[in-house]
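Coming up is one lone chain in structure tokens, specifically the form predicted alone.
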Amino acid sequence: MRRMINFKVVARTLGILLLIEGVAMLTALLISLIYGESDLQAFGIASLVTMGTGGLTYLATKNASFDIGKREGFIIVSLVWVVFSFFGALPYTLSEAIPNFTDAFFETMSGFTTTGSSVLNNIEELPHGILFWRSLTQWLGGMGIIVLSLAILPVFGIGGMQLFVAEVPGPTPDKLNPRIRQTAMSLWGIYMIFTVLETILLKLGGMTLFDAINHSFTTMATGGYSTKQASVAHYDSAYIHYVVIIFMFLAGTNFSLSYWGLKGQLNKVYKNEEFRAYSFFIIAFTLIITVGLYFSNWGGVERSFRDSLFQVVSIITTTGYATADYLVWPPFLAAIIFLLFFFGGSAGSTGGGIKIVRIVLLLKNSYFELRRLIHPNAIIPVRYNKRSVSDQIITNILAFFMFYIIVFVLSVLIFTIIEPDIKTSVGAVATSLGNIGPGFGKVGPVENFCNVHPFGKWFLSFLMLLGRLELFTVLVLFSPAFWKK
């Protein structure tokens, strides 16, 4: 018989994480103080409420045992995004930047899950503190709130390989070091290095320091929030566009590979099968779209190539920035962009979606299944990076793909009740489940989600959570077997 779920350690962990969120709000308060704007009081109150709730919860459960099992890990990881979004919405509502709580929660969940969908039509009119908090939610959510906490929680006596397994994107998270805290520190070190480097390069390209920091936060998180209403298209600069492309590409790459690359072991990067497939898909689709745009008189060769490359990298990494409205492209090219909604970044990256490694293994398994039909007695294993992949992993990937398609189809059917326009419904569901940001129809790259029905916003927020935690982490909570002793 399994032991009971340790709800006290769940509450204690959430309390600690709320303390961290409250401290993060203080950094946005500092920005408000620097610019002397009206959102200062909102951040002060929100931070006190968040830290107060976290502190009281921690003190009330300080005698809880430190035993975190798989079930506690799933509950903590699923709840933390909801709890963080609930308290993270307070600065928006208290400052009246987004007075409606449903809209504020949607914006915050979109931030923490790095989706990038927005309800705002007045971004450039908002106070600097609010804009900074908006970007910071994505930066914190990018590598994962839980991975961040793994570097801190051991100080409080709570370890957590269980949390790492439940949180890190991808079917097979890599451990860079034998200790989970060292792994978290390594990942965040790389994350911060890239963020600082992009900030410097964007500043050199003409952005203000504030805009450079915000765009670096949301690029590395593959989130896509911008301080400009027109997104990156606001900057008519090839230099800025290419800098953002490079860092979107890096953010969509497995951070383990970035670790080895920074250590000079480039052969590990080049030999990685997922990295090669990731690069191939980007190059192939970029070339196809470039040719299509050029011959449809979109612009010269360089402009066609740049817009193609930018949108392909933006969508495949699930960043969601825009330099062009792909809905006005020829239908064939727009269809390719929609196809990319179902790719996603690499496993172990900050990107969402199905993930390249799953697509590679699905294609391989399908091909080998044809060979097995021809040679029924032959043993033909699926290999990945020259290693045989177990049947259990293949089964898991097939199950994930099946669940992804089922959830997508059912969600579209539900959303069409709210939004009769099928193009908008399909686009909204696909972009939310894939954590991408812009969709199709009325929620395309030059539109947003402000006119979606309130129930639709809550529903899409749930899909963002499902997509960010790769379905199983959340869906398992709806299984009766999960709650049995």
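In this text the structure is predicted, and so the values were computed from the model without any measurement. From 1 onward, residues are counted along the sequence shown.
Only in words, not in the display: the form predicted together with a further copy of the same chain, which the text now covers.
The shortest heavy atom separation between Val409 and a further copy of the same chain in the predicted complex is within 4.5 Å. At the 4.5 Å threshold, heavy atoms of Gly264 stay clear of a further copy of the same chain in the predicted complex, well away from it. Taking the partner from elsewhere, Met4 is found to have every heavy atom lying beyond 4.5 Å of a further copy of the same chain in the predicted complex. Interface membership of Thr416, defined by any non-hydrogen atom within 4.5 Å of a further copy of the same chain in the predicted complex, is confirmed.
Note on contacts: among Asn121, Ser366, Ser388, Thr208, the single residue with a heavy atom within 4.5 Å of a further copy of the same chain in the predicted complex is Ser366. Every residue in the set Lys70, Pro331 and Ile336 has a non-hydrogen atom no more than 4.5 Å from a further copy of the same chain in the predicted complex. Only one listed stretch (395-403, 256-264, 76-84, 319-327) carries heavy atoms within 4.5 Å of a further copy of the same chain in the predicted complex, and that stretch is 395-403.
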